[in-house]
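One chain comes next, on its own, written out as structure tokens in the form predicted alone.
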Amino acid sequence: MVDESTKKTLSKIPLLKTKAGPRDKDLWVQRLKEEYQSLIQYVQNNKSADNDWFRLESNKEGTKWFGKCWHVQDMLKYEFDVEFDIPVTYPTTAPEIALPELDGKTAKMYRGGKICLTDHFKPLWARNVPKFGIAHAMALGLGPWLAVEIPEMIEKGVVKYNEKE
């Protein structure tokens, strides 16, 4: 189930209307506009709540996404590359979000650094096609995963703080 805080966060992320994937040419352009509007709103909401934790951008076609995400603990910022491709069956299939540099460092991850979202996130995504998009994948997938897994990896010494030059 989704807690009240998550429900509040979700209620502020615009839902998407267009059911289209990368193969759908003109409809994909419309879907991509909705994706960007939803993401921009989510990032603005996070900044307003002093909860800024990721940056994303895409290739020109909107099929490959990449950027940075971070987790702050003990006043130290742990930053990671984040990437994912839009599946050809999108939005029916959720994107598989990857943090490549953490590949093999936790059991809750697949080959290539793809984070495990099967138990909680994927059923929720399936019930909300086509309304959920990339912003929802970040809010309900990557965000909770980072909040649980990174502190545990820090505690075990698997993830170490790297001071930026």
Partner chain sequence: MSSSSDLELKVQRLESKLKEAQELLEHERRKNEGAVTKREKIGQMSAEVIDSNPYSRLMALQRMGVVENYERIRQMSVVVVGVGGVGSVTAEMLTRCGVGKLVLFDYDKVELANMNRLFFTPDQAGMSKVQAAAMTLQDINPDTQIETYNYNITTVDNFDNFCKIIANGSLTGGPVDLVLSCVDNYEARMAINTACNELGQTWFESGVAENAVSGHIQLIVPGVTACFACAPPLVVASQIDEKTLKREGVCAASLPTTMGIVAGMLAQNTLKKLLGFGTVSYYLGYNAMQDFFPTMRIKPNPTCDDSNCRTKQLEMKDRPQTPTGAANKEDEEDVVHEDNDWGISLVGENEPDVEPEEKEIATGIKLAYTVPAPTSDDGGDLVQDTELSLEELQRQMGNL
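The shown structure was predicted, so the numbers you read here are calculated from the model rather than taken from an experiment. Numbering follows the first chain given and starts at 1.
There is also a form predicted together with its partner chain; it is not shown, and the following applies to it.
- The candidate spot formed by 81, 143 and 157 lies out of contact with its partner chain in the predicted complex, as no residue has a heavy atom within 4.5 Å of it.
- The closest heavy atom approach of residue 26 to its partner chain in the predicted complex falls outside 4.5 Å.
- Interface residue remark: residue 92 is counted as part of the site for its partner chain in the predicted complex, having a heavy atom within 4.5 Å.
- Proximity of residue 46 to its partner chain in the predicted complex falls outside the 4.5 Å heavy atom cutoff.
- In the predicted complex, residue 64 approaches its partner chain with a heavy atom inside 4.5 Å.
- The partner is not shown here, but in the predicted complex the stretch 15-35 reaches within 4.5 angstroms of its partner chain through a heavy atom at 15, 16, 17, 19, 22, 23, 29, 32, 33, 34.
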